[in-house]
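Below you will find one chain, with nothing else, as structure tokens; this is the form predicted on its own, and questions on how it binds or moves follow later.
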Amino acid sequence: MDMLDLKELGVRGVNSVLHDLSKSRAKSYQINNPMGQHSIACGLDATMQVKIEGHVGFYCGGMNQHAEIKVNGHAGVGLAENMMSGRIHVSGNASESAGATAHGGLLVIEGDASSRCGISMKGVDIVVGGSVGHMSAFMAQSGCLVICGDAGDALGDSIYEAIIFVRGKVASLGADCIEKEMRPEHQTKLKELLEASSLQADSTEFRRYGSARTLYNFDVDNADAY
């Protein structure tokens, strides 16, 4: 594992090493002294392992493709934004908009996630060991959001075909989001995600939420819900 000192190299220097596809390089890196800096390990497009020892700022792991990123600390706004594939795992908490617009891969947050977790998610799977804030899964289009704790207000507002699993309490549901039957195929998917995330939770304690599909086409009777 190659050691990269962000205090020494700066964010641009560290990211340049990770992006340099023209040279033979290590398959794994450890980034020390992240100091809460923004945009660490963004835009990675190769199979590699990156361990970040400490807290990170905004947009860590954004646009990730193929790489596995582990953050031993907390993460700021926009963690894994627009991630395409790979895996990002945070041992602490995440701020607003974790996994926003992400198309694929797996995002694991061992602690809590703030508001708008999974906003406009487009295929990513997100597993949160704690609770999430308000407006999580807003306009979520596809993928799964697993919440092992509680969910804030307006969960799944204007949701499309994403699936939400919640073990704890839901403060309120957003427009067009309803509780749905937990069928065997959903139990299987949930067990797979919990196992992949290495988080311990009983899949039988979760409830499933999704779209009532009343807002897919404009209807004047539903005007107040848009």
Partner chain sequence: MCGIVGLYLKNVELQAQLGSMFKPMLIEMSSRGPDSAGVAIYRNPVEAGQTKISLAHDDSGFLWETLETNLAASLNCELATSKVANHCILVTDAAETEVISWLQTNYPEVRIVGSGKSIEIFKEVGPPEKVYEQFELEHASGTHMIGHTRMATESAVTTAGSHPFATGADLCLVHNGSLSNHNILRNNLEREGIKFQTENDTEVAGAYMTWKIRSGATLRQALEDGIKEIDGFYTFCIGTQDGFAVVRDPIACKHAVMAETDDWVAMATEFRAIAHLPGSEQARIWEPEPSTIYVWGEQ
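Since we're looking at a predicted model, the values are computed, not measured. Residue numbers count along the first chain shown, from 1.
Keep in mind that the form predicted in complex with the partner chain is missing from the display, and what follows is about it.
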item	value
Partner-contacting position among V77, V108, A154, I119 - heavy atom within 4.5 Å of the partner chain in the predicted bound form	V77
Exercise: Q37 in contact with the partner chain in the predicted bound form, heavy atom 4.5 Å	yes
is_contact(K189, the partner chain) in the predicted bound form, heavy atom dist at most 4.5 Å	no
Close approach of E81 to the partner chain in the predicted bound form, 4.5 Å, heavy atom	no
4.5 Å heavy atom contact, H134 to the partner chain in the predicted bound form	yes
In the predicted bound form, segment of 83 to 91, 142 to 150, 122 to 130, 108 to 116 with a heavy atom within 4.5 Å of the partner chain	108 to 116
Stretch 86 to 106 - residues with a heavy atom within 4.5 Å of the partner chain in the predicted bound form	N93, S95, E96
